[in-house]
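Here we start with a single chain on its own, the form predicted alone, put down as structure tokens.
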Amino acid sequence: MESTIQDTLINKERFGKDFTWGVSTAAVQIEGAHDADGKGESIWDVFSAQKGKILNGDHHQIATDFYNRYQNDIDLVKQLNIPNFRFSISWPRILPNGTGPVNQAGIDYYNNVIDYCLKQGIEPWITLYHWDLPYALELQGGWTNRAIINWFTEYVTICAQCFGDRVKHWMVMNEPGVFTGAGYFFGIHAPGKTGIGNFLPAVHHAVLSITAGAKVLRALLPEAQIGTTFSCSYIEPYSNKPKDIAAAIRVDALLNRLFIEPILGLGYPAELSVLKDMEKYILPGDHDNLKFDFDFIGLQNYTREIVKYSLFTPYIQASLVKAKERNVPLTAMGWEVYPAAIYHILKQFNEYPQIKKIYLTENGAAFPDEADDGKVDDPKRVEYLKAYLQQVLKAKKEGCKVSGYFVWTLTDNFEWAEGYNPRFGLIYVDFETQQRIVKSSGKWYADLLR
């Protein structure tokens, strides 16, 4: 009976006829063909070739071979009744050196992907930057170099001119908090830089590039829907002690507010005292150039974080209480399964009056899936998706301006520093043979969208 009630609660019609359903992917994680047809090196090509950077020594040189199998995979999107397919464009596939001569083979490839989506009745949603910076630009400082604003707008201009006649939904960047934090502070993602002196300019230049790129899209494609996406974790204090509460506020400012608030014209969060050092990178006119009136914001939520005061943690005096230490349900990533997190994040962002529309552009879970006699049964993922969607519906019924939901992700893929170990897909991939098997979660999602 309980299962029937759950299924009724997340019946597609309950979300309304105008609610958008989709699935999300990223070029580095699926395409492979890392040096094919004139593509230049990306920071992930270089980073993953370094010993010890990727779990099990994995690399994305082949990944799921989407570059060669895109028609088959888009056919699977159609088979699963998914009407919207979010994918990213690889900057070094378009501009091998990051700037300068265009690689026509890269343009042709994405034209083919877009055209095949449309042929199959699937709406393409493009992410312009999903972390694969051309390595030639990283050699010049990457996101720490203010010149990247011009490099990025050149790239956006080319994409808008080449694909804008058919693509109606654009996301400028994916999760800037992750690629600046993991790549330019902790060094655990490409390009592997560390320290506050790299992080702060990378943050500021990323914000300026997001809005500069959005302005290019608006000028060239006035009818397009333009957004950008943010990774968000619901933050709760470990206790009611004032120091824990204050620590949670700082972490929320860092993880959830650092990028959205300047883009909305609110400036950088005052709760982060370390941002005072940002002033050296802020030039006259920057504050006005930080903001843009987006048509929508993409939010990506998987879990919550519990935060406590930590005297010895530099800059924010806060630390996370790891989920595995809290005796809670976990995914294969070690993240807590906490469906209410997505509800609270929607409510939190809904409070910004400047945000017109919210899409949940990623939500999903990794579990240790295994193929058995040509089938993959993943009941934990089905229950995860059901439970999170119930919370999305709850927020929507309470008036949150949430207009769509995209599952992460279509196929098992290259999961950055975790290699091929975590499986997030609705479709199982045997990485030795590239065989695809639709999981029970994929069949469930297809039934939901039928």
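Position 1 is the first residue in the sequence shown; the rest follow in order. What you are looking at is a predicted structure, and each value in this text was computed from that prediction instead of being measured.
Here the subject shifts to the form predicted in complex with a small molecule, a form of this protein not shown in this document.
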*May I ask you to check whether residue 174 falls inside a 4.5 Å heavy atom distance of the small molecule in the model of the complex?*
yes
*asked:* Can you tell me if residue 221 lies within 4.5 angstroms of the small molecule in the model of the complex, counting non-hydrogen atoms only?
replied: no
_Contact label in the model of the complex: residue 388 to the small molecule, heavy atom within 4.5 Å_ = no
_At 4.5 Å between heavy atoms, is residue 93 in contact with the small molecule in the model of the complex?_
no
_For the interface check, one of 395 to 403, 410 to 418, 52 to 60, 35 to 43 should have non-hydrogen atoms within 4.5 Å of the small molecule in the model of the complex; which one?_
410 to 418
_Proximity to the small molecule in the model of the complex, single hit among 130, 304, 169, 205 (heavy atom within 4.5 Å)_ = 130
*Taking 4.5 Å between heavy atoms as the contact cutoff, choose which of 211, 144, 88, 300 touches the small molecule in the model of the complex.*
300
